[in-house]
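Only one chain is included here, represented as structure tokens and corresponding to the form predicted on its own.
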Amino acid sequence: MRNTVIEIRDLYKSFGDLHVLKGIDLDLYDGENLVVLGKSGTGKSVLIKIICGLIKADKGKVNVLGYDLNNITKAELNALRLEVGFCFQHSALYDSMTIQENIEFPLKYALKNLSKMEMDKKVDRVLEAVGLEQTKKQYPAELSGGQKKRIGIARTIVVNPKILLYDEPTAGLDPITCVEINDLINQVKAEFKASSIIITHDLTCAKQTGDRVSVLLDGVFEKTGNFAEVFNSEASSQIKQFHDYNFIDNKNF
């Protein structure tokens, strides 16, 4: 039986009269990439913010790595956040810091007793993993959008989280760089053994990275399965419309 690292049941979240999540269920299994696919504004980012404790659910069960987020102390939440890495859509790098300093920043918070040599080894490892060893002394402004995405991922994995949350990892990138980021997501899964939720509206990202895909439409999960199962001939009209929204020809799949 597969180990569940995130379990969500009957989750609701509203902002005033705007009902975003309307009773969703979700399981993330150990070692898998789960893609949450949906158009902009469907609540995908709200979901992962609830998972990492940035937003509180209105109703429902949210269990992450054994922590009940509805009954969690501040100390427990801080401990959980060391196990859950968040890869921001726009990388969220500190412009005044070098790439090495950016990656060291979470290490200094999470692993206060590391020596300089140990810290350097961890930084070197993740920079090698994302293929950007040569950028250590550079600043974010000197990097391309794709390189910033890679460094953002490196900074997230340097503390070896058990779960990674990717928020639109391919947004704003050219098609070739998108494929490179998708490959990197799969590489991180294989090398660092983390479970991941990948929030996206990019079908290519979903197909390339997802062990399973859940389609979020109108506040509920319309369908979950592997890519072929979700976008088969029996898919609902809403899912087919979402496929068309991505401007991808069915024959490619």
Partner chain sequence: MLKKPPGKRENFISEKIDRQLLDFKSGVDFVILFFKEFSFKTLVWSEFVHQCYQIGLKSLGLISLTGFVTGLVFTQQSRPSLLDFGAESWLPSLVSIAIVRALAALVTAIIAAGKVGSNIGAELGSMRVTEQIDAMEVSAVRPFNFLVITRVLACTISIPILSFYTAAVALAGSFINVYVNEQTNLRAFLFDAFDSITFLDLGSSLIKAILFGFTIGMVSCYSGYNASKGTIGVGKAANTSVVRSIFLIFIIEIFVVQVTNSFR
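Here the structure is a predicted model, which means the values were calculated and not measured. Residue numbers count along the first chain shown, from 1.
Another form exists, predicted together with the partner chain; not displayed. Remarks below refer to it.
**Student:** Looking at 169-177, 146-154, 123-131, 76-84, which stretch has residues with any non-hydrogen atom within 4.5 Å of the partner chain in the predicted bound form?
**Tutor:** Comparing against the partner chain in the predicted bound form, the contact stretch is 76-84.
**Student:** Taking the partner chain as it sits in the predicted bound form, is F88 in contact with it (heavy atom to heavy atom, 4.5 Å or less)?
**Tutor:** F88: contacts the partner chain in the predicted bound form.
**Student:** Indicate whether the partner chain has at least one heavy atom within 4.5 Å of a heavy atom of K39 in the predicted bound form.
**Tutor:** Contact check for K39: no, nothing within 4.5 Å of the partner chain in the predicted bound form.
**Student:** Considering only heavy atoms, tell me if L114 and the partner chain come within 4.5 Å of each other in the predicted bound form.
**Tutor:** L114: no contact with the partner chain in the predicted bound form.
**Student:** I'd like to know if A110 sits close to the partner chain in the predicted bound form, meaning any non-hydrogen atom pair within 4.5 angstroms.
**Tutor:** Judged by the heavy-atom cut-off of 4.5 Å, A110 is in contact with the partner chain in the predicted bound form.
**Student:** Heavy atoms within 4.5 Å of the partner chain in the predicted bound form is the criterion; list the residues of 45-66 that meet it.
**Tutor:** Contacts from 45-66: K49, C52, L54.
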